[in-house]
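Just the one chain here, the form predicted alone, laid out as C-alpha cells.
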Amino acid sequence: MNWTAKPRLSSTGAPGAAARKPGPATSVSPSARVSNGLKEFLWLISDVPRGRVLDLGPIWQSTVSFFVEKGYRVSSEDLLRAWKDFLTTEEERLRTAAVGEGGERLSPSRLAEKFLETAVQYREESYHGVLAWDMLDYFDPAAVPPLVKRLSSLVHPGGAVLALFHSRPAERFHRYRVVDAQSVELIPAPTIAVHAHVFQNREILGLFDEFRSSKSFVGRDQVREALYVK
C-alpha cells in the first residue's frame, strides 16, 4: 500500500468521526506516550465499516470503549500471559513425566508450534487491525516467526499490524492501553516474561516479509513503532 495514495479526510482516523461533535477535553495520564504509530494505524483502517480489531494484550475497558465508540468491533487475547502459562504447563509436564513417557524437552520452534495449536485461533483474514504492542520482544526468537506468520493469516488484505520493538532490553515490564487517537498509556505491571531479544531492523523486515509495505517511528525512548500493511 502506498501511504500517500489514501486521502486524509479526518485527523481522528476513525469511522464516522467527522460527523460527531467534539466532546469535552480529557486529561492525559503523565505515563501516556504519544503514538504516531497508533494514529497511522487508525487512519489505515478508518474506511472499513464495522472494522474488526484484535488487541493482543490484556483487556482494558478504556481501549475497548475507545474502539467501540468509533464503530469498531474489538477482541482481546493476552498472548504473552497465555505463553507464560503454556511454558509453565510444559515445565510441569517435564517434571512429572516418567522416563520414556514423553518427558523430552521440546525445541523453541516446536514449543511455538504446540502453543499455536490453541492460541490465536481465529478465521483467516478476520481482522482489519492487530495491536501486537511489544510482545514479540518477550518471546523466544525461534518462536517469533511462526507467531508472526499466524498473525499475518488473520489480517484482511489492506489491514494493518502495529508492533513495538525496544532498541535495548526494557528496563521495566509494561502493559499498554489506548488513551486517545494518538496516545497510549504505559502501565507498569508485574513481570510475566523477561525481555528475550533486541530485534535489528533487518530481522524485523524479514519477519514481516508477507506484508506489502511498512512504516516506522522511533520515539525519544528509543522504542520503534512499526506498522505493517498486508
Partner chain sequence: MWRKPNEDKLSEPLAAPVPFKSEEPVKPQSPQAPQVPSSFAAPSMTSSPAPSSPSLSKISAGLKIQGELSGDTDLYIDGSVQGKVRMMNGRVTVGPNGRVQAEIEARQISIDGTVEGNLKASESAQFGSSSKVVGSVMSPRVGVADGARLRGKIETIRTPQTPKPTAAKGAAMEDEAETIGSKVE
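Residue numbers count along the first chain shown, from 1. All values reported here derive from a predicted model rather than from experimental measurement.
Although not depicted, the form predicted in complex with its partner chain is the subject of the following passage.
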Candidate site L44, R123 and H156: all three near its partner chain in the predicted complex by heavy atom within 4.5 Å: yes
Look up in the predicted complex whether A119 has a non-hydrogen atom within 4.5 angstroms of its partner chain, and give yes or no. yes
Taking 4.5 angstroms as the cut-off for heavy atoms, does V64 touch its partner chain in the predicted complex? yes
Are any of the heavy atoms in S76 no more than 4.5 Å from a heavy atom of its partner chain in the predicted complex? yes
In the predicted complex, does R33 have a heavy atom within 4.5 Å of its partner chain? no
Within 4.5 Å of its partner chain in the predicted complex by heavy atoms, the stretch out of 126 to 134, 88 to 96, 104 to 112, 141 to 149 is 126 to 134
Considering its partner chain in the predicted complex, which of A170, A189, V68, A193 comes within 4.5 Å of it through any heavy atom? V68
Tell me, out of R52, K39, R175, H166, which residue has a non-hydrogen atom within 4.5 angstroms of its partner chain in the predicted complex. R52
